[in-house]
Structure formats: C-alpha cells, structure tokens
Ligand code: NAP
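Before any questions on binding or motion, here is one chain by itself as structure tokens, the form predicted alone.
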C-alpha cells in the first residue's frame, strides 16, 4: 500500500515518517508535494490543500490528524473518499484537564483571589454550593464523555446535550433541538465540545446564551464559529455571563486589537486544549488502515460526510 503524509502545521515530518514506518512497515510512505502521480491509497492530512485531492482522486481514505473535520470537509473531496477522524489520540485527557482547570478556577473564584493578592487584600470569600453550579456539556462524543468522567469526580451536577439521545451514568441527558432550551436554562457552566457543521454554526448566539442561568460561565474548546462573538460580548458586558474561557476563536490566530484580547472577563488560550499526540494518533491510523484493508466492519472514527462528523 502507498500512503501520503501532508501535515501542514509546520512541525518536522521526520518523526511522523519514522513512526509510520514502524507501525506500518509494509507501506510506502511519502510526504505530499504537488505533481505526485495518482497512485496512492491513503492520505494522512492536517490542513491539506485542495490540490492534493484534485491530483489524487483515487484515494480510498483520508485520515484527519485531529478531531475536528470541518476544514477538511469544506474541500471538494472525491465522492467515494472515506474520511476518518481521530477519536482521542491523547486529546481526551488534555481536554479533561483544561475543562477542570477552567471550571474550578471559576467556581473557587481564583481570579478574584489573584486580584486580592495584587491589592494585598487577605479576605476569605464564602464557599459556594456545588448544587447551584450544574455543568452542562454540549457534545457527548468520545471527547465529551471523557470530559464528563473527569468533571464527575468533583461532584458537580452534570448535564449533557447531544443531537441524538445518549444515556451516560451520573448525567441528566438532553437531546435534539426540542430539549436544547431546557438544557441551557439548567446550566451554570456551559462546556462546548460540539463539532462544527452547518447545523451548529453560530449555535451559541444571543438568544441561547441568554437562556443560561444568570452569572453563567462559558468554556469553549471546540470551534470558534460555534459562538457568535458579538453576542458573547453583549452578554458579558451586561453581566448575564460572569466570564468565558476560550481556547478557540473565529479567526485564528486572533488579530491584534480584537476585543477578546483585553476583555476582563475572558481568558484566552491559543487552541491548545487538546493537542495531537503523534504516537497515539499514528497507532489509531495504523489500526484504521488495516481495518480498511481487511474490509468488513467500518473502522473506528469513520465520518458520515453528509452529517459533518
């Protein structure tokens, strides 16, 4: 079999090639460059150009080296191409860490203690009730489930929302558009882990953010375009939202001068909540390639292109 590697995140490819040869010794692996003959079976991609798929229409499958496939699906892909995404690859535990850090920083008011330290103010703040701080997780796939497992250890009430019905232990689950408003109204902290699709683009707009409990907190580590940023600013400035931790924004990198940089109620990180762990990712890719070569059951991580995830 022949495999193309196109990882355009500016990381050296030598380590990727080394591990691919170790995990798939029977494969010929080449780094993509324009003009290669159309004789490859699989492509491993992150941020690929349209030219790759125009020149390689015979590809059987493309493995996206990340969890989100929205940018890949925005390209003109060959009709018969199977698309597979990473389901965890070391990202789940990182995202769980990220959410728990942001949640506890908000709940225990550590931002306020930071300000008190700057003012030499030794004041104890009264403890808050966990029962009054339900955590709602939007998106209950592999990563959302992993985050829920971590948050559960801190004994917060747990809510979950997904497009289709899920039943997870220790969580009150909501499903579909008809139950979205009730889910939002019950949440004090909202964690967004939805895939970006036509249906979810701008899903967190003014009306939906306003349905959260007063003093709510938003944590978004999925895609920036899920949130209407001007509506978020309005809800922050009006005090309906106490704050937000954002690992993703609509335009990345965020341009200088953007209001999100300086807003006192916003904490920003540069899309680092779940970074691909190379060895875990390539182990999952190798399993997927071998499953496709065998035929039979669909491999793990197969994307339903019409649905967008």
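Positions refer to the first chain, counted from 1. Computed from a predicted model, the values in this text were never measured in an experiment.
Absent from the display: the form predicted together with the ligand. The rest refers to it.
Listed stretches are 54-62, 35-43, 256-264, 243-251; the contact stretch with the ligand in the model of the complex is 243-251, by a heavy atom cutoff of 4.5 Å. Although the partner is absent here, residue 273 lies within 4.5 Å of the ligand in the model of the complex, judged by heavy atoms. Using a 4.5 angstroms threshold between heavy atoms, residue 140 counts as touching the ligand in the model of the complex. Proximity of residue 8 to the ligand in the model of the complex falls outside the 4.5 Å heavy atom cutoff. Looking at residue 93, you'd find every heavy atom of it more than 4.5 angstroms from the ligand in the model of the complex.
Comment: the ligand is not present in this chain, but in the model of the complex one of 118, 129, 123, 164 has a heavy atom within 4.5 Å of it, namely 164. The partner is absent here; in the model of the complex, the one residue of 185, 207, 104, 199 having a heavy atom within 4.5 Å of the ligand is 199. Residues of 201-239 placing a heavy atom within 4.5 Å of the ligand in the model of the complex, in sequence order: 221, 222, 223.
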